[in-house]
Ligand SMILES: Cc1cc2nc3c(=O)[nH]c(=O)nc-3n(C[C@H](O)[C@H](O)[C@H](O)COP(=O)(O)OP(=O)(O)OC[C@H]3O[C@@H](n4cnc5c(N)ncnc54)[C@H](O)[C@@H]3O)c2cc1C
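Just the one chain here, the form predicted alone, laid out as structure tokens.
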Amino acid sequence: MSERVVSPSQYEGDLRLTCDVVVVGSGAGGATAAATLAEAGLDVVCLEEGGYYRTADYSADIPSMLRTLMRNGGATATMGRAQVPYLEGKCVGGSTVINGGMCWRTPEKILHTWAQERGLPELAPDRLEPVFDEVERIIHARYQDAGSEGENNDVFREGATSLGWKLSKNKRNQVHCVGSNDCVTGCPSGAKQSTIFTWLPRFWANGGALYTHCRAERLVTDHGRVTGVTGVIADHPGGRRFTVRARAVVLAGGAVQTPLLLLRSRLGGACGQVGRHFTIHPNVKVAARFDRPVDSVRGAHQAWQCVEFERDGILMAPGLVPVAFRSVAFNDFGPRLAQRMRDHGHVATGGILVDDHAAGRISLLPMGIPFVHYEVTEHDQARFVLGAARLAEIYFAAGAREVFLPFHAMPRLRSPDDLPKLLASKPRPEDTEYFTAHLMGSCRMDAHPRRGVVDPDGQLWDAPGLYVADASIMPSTIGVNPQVTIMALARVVAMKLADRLSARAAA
């Protein structure tokens, strides 16, 4: 099987292509859709704005990897009372290259809500179960090999177990992960099964071609029907452009880039929903210092999660905070930061994810400037404070000497006796350090054309020929890592599209 990856250096002048389907994006949604359509016998072209990097290209040089693999070097954030930094992959494989590999199915209660309240019966648990089974098989979702979890996971499990709190073992898309904990800058061992190792080989094996450095700018229409996409060949001098004509276009640029492309193309406006209902699963980080070595930069990223407070929308898990990022994550500077760096081998790190109630919005300002707005609600902030207190309890129960918090007004707990002070202090959102990697819902799917951007088949209500297969079509937040959900939805959308195009060709 040859990798049909075409870079700008392999052709001269502008690029003009014609195919059955063009897929914009090669991440969780795009690669899944592209492979599914190619396996159905369709001529498929996949466009990726970033470059193609293999395992040997990843390194421990974090600034270099941020520039190489992420949009804006990882320096993107939502605007609001409190900025929330977020990561978007900009490379072949998209955010599957830089995520932690967690594999959670959409909770059944969420699927029931989608089926009943959004009029989407095909997303009911019994209908999606075989799709989830297939996705997990293809991406190698499995538990971590024994002995590779690392001390960062062990102290988390030890503390939660001693408190009698419910833990859930975490499946990750990996094959014999060695626990280097470099997930966010590209897996250096090739163990993490990004789409480069799963869906894209299936795409290439069935004749698909992937073109890198192609930044989509506008969708092409003909008498109201979307017939292609055009844009610039990025990171290349000379102002070269590309145009791809197709029977159908599938957008999979993610929950930020997909609505921006629709807004630039002035499509989807009839429902008034493009860019709305944007959710992000915000999270905050917590660290704990132990007398014994912990070395949180070794081991798996989230081998466990504490689901004791899942009904409250609070999920806690161990997780790597790279040493280079700790000054940002915990507001450390000067002598305090220097001491933290000296102690880093004794510091465990983890985080709290909140199933958010806020609804942000993505829009275009004058001159076409993207604007991503999101406000952490007071209700969600109260859950962050409660979650931080609960995670601190876990670490103290495991023997921590002190716990570091993301709240400027109360950055440290010296003992469990400080917990009531934290709960009473009510830190404000603007005094809290947040982060997220889960962007969802900005072009949501709904059976009613005024409530959603795409119909139950994933096609835009007011733009025939245009489909969306990424996190933006998720009808609501789900409270867990969304990778498997995105792939399942993309698989469903692509299978329906393949059936429709095949039937039209047969007729």
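All values reported here derive from a predicted model rather than from experimental measurement. Note that residue numbering begins at 1 and tracks the sequence as displayed.
Keep in mind that the form predicted in complex with the ligand is missing from the display, and what follows is about it.
Stretch-level contact check against the ligand in the model of the complex with heavy atoms at 4.5 Å: of 464-472, 37-45, 451-459, 59-67, the positive one is 464-472. Within 4.5 Å of the ligand in the model of the complex, a heavy atom is found for all three of Arg71, Gly253 and Asn481. In the model of the complex, at least one heavy atom of Thr96 sits within 4.5 Å of the ligand. Though the partner is left out of this view, Gly101 does reach within 4.5 Å of the ligand in the model of the complex, counting heavy atoms only.
Contact annotation for Ala388: none of its heavy atoms lies within 4.5 Å of the ligand in the model of the complex. Although the partner is absent here, Thr198 sits far enough away that none of its heavy atoms falls within 4.5 Å of the ligand in the model of the complex. Distance criterion of 4.5 Å from any heavy atom to the ligand in the model of the complex singles out Leu87 from the list Val372, Leu87, Ala248, Leu123.
For the candidate set Arg157, Arg428, His140, Arg215, a heavy atom within 4.5 Å of the ligand in the model of the complex is found for exactly one residue, namely Arg215. Along 7-29, these residues reach a heavy atom to within 4.5 Å of the ligand in the model of the complex: Val24, Gly25, Ser26, Gly27, Ala28, Gly29.
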